[in-house]
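In structure tokens, one chain follows: the form predicted on its own.
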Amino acid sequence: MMTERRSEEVDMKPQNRKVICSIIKWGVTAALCILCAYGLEKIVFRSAGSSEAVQMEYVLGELEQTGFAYEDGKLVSEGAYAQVVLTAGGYIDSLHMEYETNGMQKAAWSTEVQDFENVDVTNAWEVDNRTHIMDKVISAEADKLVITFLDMEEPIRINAISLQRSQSFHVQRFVFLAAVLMACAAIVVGYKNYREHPERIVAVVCAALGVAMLVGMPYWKFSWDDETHFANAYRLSYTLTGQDTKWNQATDDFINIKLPFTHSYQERLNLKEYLDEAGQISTDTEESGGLRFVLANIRNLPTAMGILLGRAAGMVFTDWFVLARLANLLFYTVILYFAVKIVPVGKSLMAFLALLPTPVFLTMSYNTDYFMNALMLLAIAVFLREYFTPEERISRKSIALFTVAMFLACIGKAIYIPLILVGLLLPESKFASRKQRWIYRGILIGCCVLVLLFVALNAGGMSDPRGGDTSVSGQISYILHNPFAFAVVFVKSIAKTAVEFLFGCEATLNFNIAGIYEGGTAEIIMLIALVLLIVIAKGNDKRYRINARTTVIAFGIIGVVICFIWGSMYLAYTPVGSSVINGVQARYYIPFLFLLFLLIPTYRIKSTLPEKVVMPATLGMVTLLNAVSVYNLMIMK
């Protein structure tokens, strides 16, 4: 007995050393990435410490200006156009202005005085009426800075104005650089894992890219329906503990879209200070939603847990606001880890699709699509593992995992219910008997029915007022009376957007409020990488061939989902009788892209590239796409 115990202790020592060495290796890697990011921020971007920043303040009454009146120590505009000239005589980092106005104003800066009729609007921006402090990044070498206000419907009152000559340390960009460097380092350092455990490096890269994007996400509405999902998650965080929801001024401002846009790092800091103070001002209390509310908002659970933990720890508003998004990232990373681990084929293709900028962007916002996208990948991974092992019996664990993942993925959007039926395509050899096969089919069909019932019980209404003159009953009546006209509109809409939605940047490089990154090179890189990954996904292994019957049926199921997407938007979001279908977005295609691309027959094209070569190249390309697009659209200068 003692001999066996000593033997076990001896065997454990090398394993313990291996774990300790791994921890040290990754710790040193992270430290080097942080050090390199700090060097880049200080040297390349010329960041100075806050005490080193040089600020030039101006006396308003002594400024050269046109279109303003000097009243009580303030400059007040008198017409539709006004201009103020600031002497600079060197490098200008940013413009600081304190002001008051009742409407959104358009302004433009230049280094030369211009006539109002010929103002260059290249450097134009909106002066937001929802705030009274602006820090506009200039980053130019000039003798003077000319600020021109254009087409003003409401007067603007300038209370103070100044220029900052040097840039304070940009924490936001520093974290972004460190995270991107960590993703790159993980790809290089983790070379030993690509053969047996590629999911580990995928998870590290996913976490790093998520953090890199998180620091660019502002505190105001930035993604699709952010305010609605935030409200549900916030209320759920209280309901989980049986408490009434305590709203405050910060939550109200976010939900009602009253927070101003932030165009610089300093403006972000100003908004953070306001939100942390507003988060202490109570506004209303709402009764707990109860069990039904919890079930109806299960997609918000990771976010709600982040909010709950943040509040329990005594965090201020902006801290738990960020923690909730980190909870989304943790959920997405864990589910992606297991999906890549389980799927027997197309690991690189799955990682590429999951880590493209738009899916990561959805994860780092309050939008709940990330929840569905992750679980759909997990369910498809389980299906493919069972499909490509016809000689093995399906386990109860696989049935449960596939069914639960599909159920949770579909309860938010019933249009994806047909994807549950993909599970029916498993070969008969997977089942011990006909009875077991019918029980399995019954479980899947029951899952579909349960999702439908769940959605029906929690439906908030059939029409979407955002679509304008919408009416489901009126639209159905129109379709029945004009079937041919509807069919033409329907088919044209799907066909016209097919290429862009499947291969374009609408579904992959789209950052909603921040815009779509159409950098040309990035889109070409994405398209080439996607095509190559589709071609080599199944390699030259005959075990991973999908037969014609399964391919046709699976394509048909995806086709039904696409029809459901367009049909639902036509019924609930499009005005009656419209010749176009409103509201359909490329992100709605993301849940089935992996399965769709894997169904494309590429068997005649031979590929023997090993995973240890394809995976690091894939992660390198997706890291590049994220870094370039996020920096250009989200990281403030």
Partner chain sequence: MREKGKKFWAANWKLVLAIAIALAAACGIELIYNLQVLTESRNGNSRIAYEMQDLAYTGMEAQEDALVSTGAAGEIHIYPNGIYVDKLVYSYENPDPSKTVDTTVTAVVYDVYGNEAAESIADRNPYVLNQSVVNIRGKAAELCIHIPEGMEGLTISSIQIQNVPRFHGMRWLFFASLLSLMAVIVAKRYDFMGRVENLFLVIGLTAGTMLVIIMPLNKVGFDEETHFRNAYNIKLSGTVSSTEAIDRLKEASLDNYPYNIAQSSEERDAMEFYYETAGDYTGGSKARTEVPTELTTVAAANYIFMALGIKLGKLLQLPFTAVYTLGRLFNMWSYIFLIYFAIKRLPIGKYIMAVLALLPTPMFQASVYSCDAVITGFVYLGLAYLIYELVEREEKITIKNGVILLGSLGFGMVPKAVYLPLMFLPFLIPKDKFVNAGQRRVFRVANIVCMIGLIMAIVLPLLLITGVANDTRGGDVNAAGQAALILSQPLSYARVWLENVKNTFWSYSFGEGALGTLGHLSLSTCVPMIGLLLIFTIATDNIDRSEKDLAVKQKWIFFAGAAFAAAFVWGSLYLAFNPVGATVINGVQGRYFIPLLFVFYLLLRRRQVKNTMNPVYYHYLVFGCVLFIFYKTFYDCILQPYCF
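Residue numbers count along the first chain shown, from 1. Since we're looking at a predicted model, the values are computed, not measured.
Keep in mind that the form predicted together with its partner chain is not shown, yet the notes after this line are about it.
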Contact check for 188, 389 and 400 against its partner chain in the model of the complex, heavy atom at 4.5 Å: no
Which of 207-215, 117-125, 222-230, 484-492 sits within 4.5 Å of its partner chain in the model of the complex, heavy atom basis: 484-492
May I ask you to check whether residue 577 falls inside a 4.5 Å heavy atom distance of its partner chain in the model of the complex? yes
With a 4.5 Å heavy atom cut-off, would you call residue 28 a contact of its partner chain in the model of the complex? no
Indicate whether residue 175 is a 4.5 Å heavy atom neighbour of its partner chain in the model of the complex. no
Can you work out whether residue 531 and its partner chain are in contact in the model of the complex, taking contact to mean some heavy atom pair no more than 4.5 Å apart? yes
Looking at 35, 69, 44, 605 here, can you tell me which has any non-hydrogen atom within 4.5 angstroms of its partner chain in the model of the complex? 605
Looking at 499, 291, 312, 552, which has any heavy atom no more than 4.5 Å from its partner chain in the model of the complex? 499
